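Here you get one chain, nothing else, as C-alpha cells; it is the form predicted on its own.
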Amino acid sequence: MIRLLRAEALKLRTIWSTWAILIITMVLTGGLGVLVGFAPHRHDVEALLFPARGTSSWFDLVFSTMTVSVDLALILGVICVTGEYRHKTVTPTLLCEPKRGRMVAAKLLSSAGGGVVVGVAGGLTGLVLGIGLVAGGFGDTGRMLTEYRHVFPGVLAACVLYGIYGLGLGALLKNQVVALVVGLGVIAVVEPIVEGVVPSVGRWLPGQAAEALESVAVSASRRGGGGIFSSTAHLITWWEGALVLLAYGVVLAVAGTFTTLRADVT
C-alpha cells in the first residue's frame, strides 16, 4: 500500500491539472475576498450582508471566500480517478496493481491528501488577505486571527472530505465530464431545491454537510447575530457533517469498485 500511495502522490504532483486547481483556488479566494471586503458596507453597524469594515462579521464575510476551495477539492478528487481513464493511464496502473479495491483505497487516501493541499492553498491566501487588510488599516490583528481560526479549520476539513467524495463520485461514474457535471450540478442546482422543499432531507446532502463543517465553532449567539455563518440552525452538527461526507465518498467508491471499475480496460 505504501508503494501505491507514493505512486498516487507522484501522479498528483506531476499532472498539470493539480497545479491549475491550486492556482485557481488562490486566485478565486484572493479575488473574491477583495471584492467582498471592499463592497459597500455600513460604517456604524454590524449587519449580515453589509457589516462595518474591521468588525468580526466583516472578517467572517471576507474569510468565507475560502470556501471556494471546497468545490475545487471535489474537482481534484474526481480527476484523480477519471483522469486515468480519460488519458488511458489506467492500463499501466492496473498492470502494477490489478486489484481494483487496493487501487481505489490508495486513491481515496491520495485524494484526501490533495484536499488538504487545496484547503491549505485557500487558507494561506485568506490569511495573506487578512494580514493585508489589517495592514491597510481595517481592524486589528487579534480580531482578524480570531475570525480566521473560526473559519479555516472547518473549510480545511470540508476540503479533505470533498476530495474523498469527488473520488467516490468519479469511481462510480468513471466519465470525467459526467462526474464533474453531476457533482457540481447537485450542489448548485439540486440541493437548493431539495433544501427549499424538504429541509429535513436537504440538510443531509453533501453541500449542506460541508456547510455544517464550514460553520464549525461559529454560532449566532457568539457573533451577536452577525456574520456570514450566523444562520446555522438548519444545519446538522459539524461531526455529523463530517461523517455524512465520509460516508458519501466511501460508499460511492465501494460501489464503483464493484460495478463500473470492474469492467475490462480497452
Partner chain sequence: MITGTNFSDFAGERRRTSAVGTAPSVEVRGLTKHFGSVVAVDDLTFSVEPGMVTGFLGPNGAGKTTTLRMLLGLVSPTSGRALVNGVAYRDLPDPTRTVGAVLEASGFHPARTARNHLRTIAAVAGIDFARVDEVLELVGLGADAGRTVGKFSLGMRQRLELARALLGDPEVLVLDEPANGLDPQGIAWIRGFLRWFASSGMVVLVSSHLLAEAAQTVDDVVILANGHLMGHGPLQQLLQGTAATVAVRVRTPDAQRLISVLQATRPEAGRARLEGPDTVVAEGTTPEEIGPIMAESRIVVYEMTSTGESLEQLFFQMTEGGQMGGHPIGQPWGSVGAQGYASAPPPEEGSS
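Because the structure is predicted, anything quoted here is derived from the model rather than measured. Numbering follows the first chain given and starts at 1.
One more form of this protein, predicted in complex with the partner chain, exists but is not displayed; see below.
P92 is the sole member of G142, G136, P92, G196 with a non-hydrogen atom lying within 4.5 angstroms of the partner chain in the model of the complex.
Interface residue among L243, I24, I15, A255 relative to the partner chain in the model of the complex, by the heavy atom within 4.5 Å criterion: I15.
The shortest heavy atom separation between G185 and the partner chain in the model of the complex exceeds 4.5 Å. A residue is said to contact a partner when one of its heavy atoms sits within 4.5 Å of a partner heavy atom; R149 fails this definition for the partner chain in the model of the complex, lying far away. Using a 4.5 angstroms threshold between heavy atoms, C96 counts as touching the partner chain in the model of the complex. Looking at 149-157, 98-106, 166-174, 116-124, the stretch with residues near the partner chain in the model of the complex, meaning non-hydrogen atoms within 4.5 angstroms, turns out to be 98-106.
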